[in-house]
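The chain below stands alone and is given as C-alpha cells, in the form predicted on its own.
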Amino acid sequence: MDTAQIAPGTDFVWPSEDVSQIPFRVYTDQDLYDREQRVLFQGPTWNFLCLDCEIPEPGDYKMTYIGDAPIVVVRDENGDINAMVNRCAHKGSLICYKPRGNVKEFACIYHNWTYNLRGKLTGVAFGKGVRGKGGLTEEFKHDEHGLERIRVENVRGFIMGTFSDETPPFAEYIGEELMASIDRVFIKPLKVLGYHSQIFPNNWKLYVENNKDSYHASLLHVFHNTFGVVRPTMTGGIKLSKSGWHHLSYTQREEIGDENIAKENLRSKQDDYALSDTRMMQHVLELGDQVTNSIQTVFPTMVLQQILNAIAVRQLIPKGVHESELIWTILGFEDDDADMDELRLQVNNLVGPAGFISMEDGCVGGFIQTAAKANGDAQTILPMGGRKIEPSVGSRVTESAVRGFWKGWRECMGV
C-alpha cells in the first residue's frame, strides 16, 4: 500500500508512504483498537483457538478468544471440532464461563436457552408459555437463532479459526515455505505439558513487534549470548511469506566466522558466569538439524516456538488499548517418555513470564506504552535492513519482519 488513507470510522491517516515509520498513536487510540476488532481480527485472518489434544473426547470444550471476542471450541458426538461465538442468541450472555469442561449441551444460565454441540438452538425455556399464555409466536424459527459459528481448520493439531469466508486456506494463507517450517517442528501428535500466562501493560501490537524483531535478541537478552542459545555469530536468518505478514526467525549452531562481530558494541559471552544446573541447556537433536532457536509468527497474534527442546504455542489476546494477555501452552510429543518430558520442562525455564530469556520482553512493551502517551504524532523508526520487506539470509540484524507486520496491519485496516 503506497498512499496514505483515512481509516474508516476514525480520523487516523498513516503519515508516510511506507512502513518504516510507525506513529505512536497506533498503540494508544481507542478508535483504532475498535476498528482492529472488526476488520482485522474478525476479518480475513486465521487465529489460534486451541489444540486438538486439549479437547479429545465428545463434549470436551475450551473457552478462547479471537481478538477480544469470546469463543468456545467443542468436539461433537461425531468427533468434529466446532467453534462458536460464546454468546447466547437471546440476550447475549456467555454460554460458557468455566475455562474448560465437558458438556452434553450448552445452556445459558440467564434464561436457560440450550444449544447442541454444533451451536443449534434446541430449547427455549417457557417457549410454549405457561398455562397457554405467553411464550414464542409462530414466527420464531429455532434454526435462525443458533450460536454464531466460526470457520475452523486443524493444522498439525492446532485449531485455527476465522470469522471470514474470504480467508484463504491456512497453508495458502502463510505460504509453502512457512508451512514447511511448521512441518519441520511439529512432526508428531502433540500433548500439553503445562501453561503460563501473563498480563502485559501494553498494546497487543508491541508484543507482536517484539516477536518479529530479531535485532534485539542478543542485546536485550543477556542470557542468549552468555550461554550460547543465540549469538550474533551464529548462522540463520529471517524468512517471510510472500505477503510479508508472517515470518520465521531462526539460528543454528554453526558460526559465521565474522571477526568484526567482536568489534561491535554487543553484550558478548561472559566466561565468569555459570549455571549450577545445566540441564536446561541440553539439546537433543530430534528435528534433523542444529537449529537452536526458531520463532515463527502467524499474523496477527500466533507464535510458534522451538528453543532447543522447548516447543510451545503462544496466543496473544488484546485486553483493551493499553493491556494484553499472553497464554503460553508448553508442548511435547505424544510419544515422549518421562525423560524427554523432564528435559522439555527444564528447558522451558528459559521462557515464560519469568524465563531467563523471556522475562525482559514482559517489561519493554510497558516502557514503550508509557512513553507513547507523550506525543501520539511522534513516530518510531524501523531503519535496520532499509525500508524493504524481504527475507534475510545469514543475518538477523534487520527489522524487515516488523515492517511486514505493519504492511499486513495497513492492508487489513484500510490505511
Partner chain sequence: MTTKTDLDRDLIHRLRIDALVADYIHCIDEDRLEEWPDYFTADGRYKVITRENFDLGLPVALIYCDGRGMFEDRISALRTANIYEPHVYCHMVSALKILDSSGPEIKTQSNFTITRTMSEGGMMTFLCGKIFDTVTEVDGELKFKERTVILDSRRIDTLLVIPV
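Residue numbers count along the first chain shown, from 1. Quick caveat, the model's predicted, so the values are computed rather than measured.
Below, we refer to the form predicted in complex with the partner chain, which is not included among the displayed structures.
Contact annotation for residue 354: at least one heavy atom lies within 4.5 Å of the partner chain in the predicted bound form. Mapping the unseen interface onto this chain, residue 110 falls outside it, with no heavy atom inside 4.5 Å of the partner chain in the predicted bound form. The shortest heavy atom separation between residue 390 and the partner chain in the predicted bound form exceeds 4.5 Å. When contacts are judged by a 4.5 Å heavy atom cut-off, residue 140 does not count as touching the partner chain in the predicted bound form. Using a 4.5 angstroms heavy atom cutoff to the partner chain in the predicted bound form, all of 100, 227 and 276 count as contacting. Of the listed positions (319, 87, 156, 184), a single one reaches within 4.5 angstroms of the partner chain by any non-hydrogen atom in the predicted bound form, namely 319. Taking 304, 190, 330, 152 one by one, only a single residue has any non-hydrogen atom within 4.5 Å of the partner chain in the predicted bound form, and it is 330. Between 374-382, 41-49, 345-353, 25-33, the stretch whose residues reach within 4.5 angstroms of the partner chain in the predicted bound form through a non-hydrogen atom is 345-353. Residues 194, 195, 196, 197, 198, 199, 201 are the ones in 194-211 with at least one heavy atom within 4.5 Å of the partner chain in the predicted bound form, listed in sequence order.
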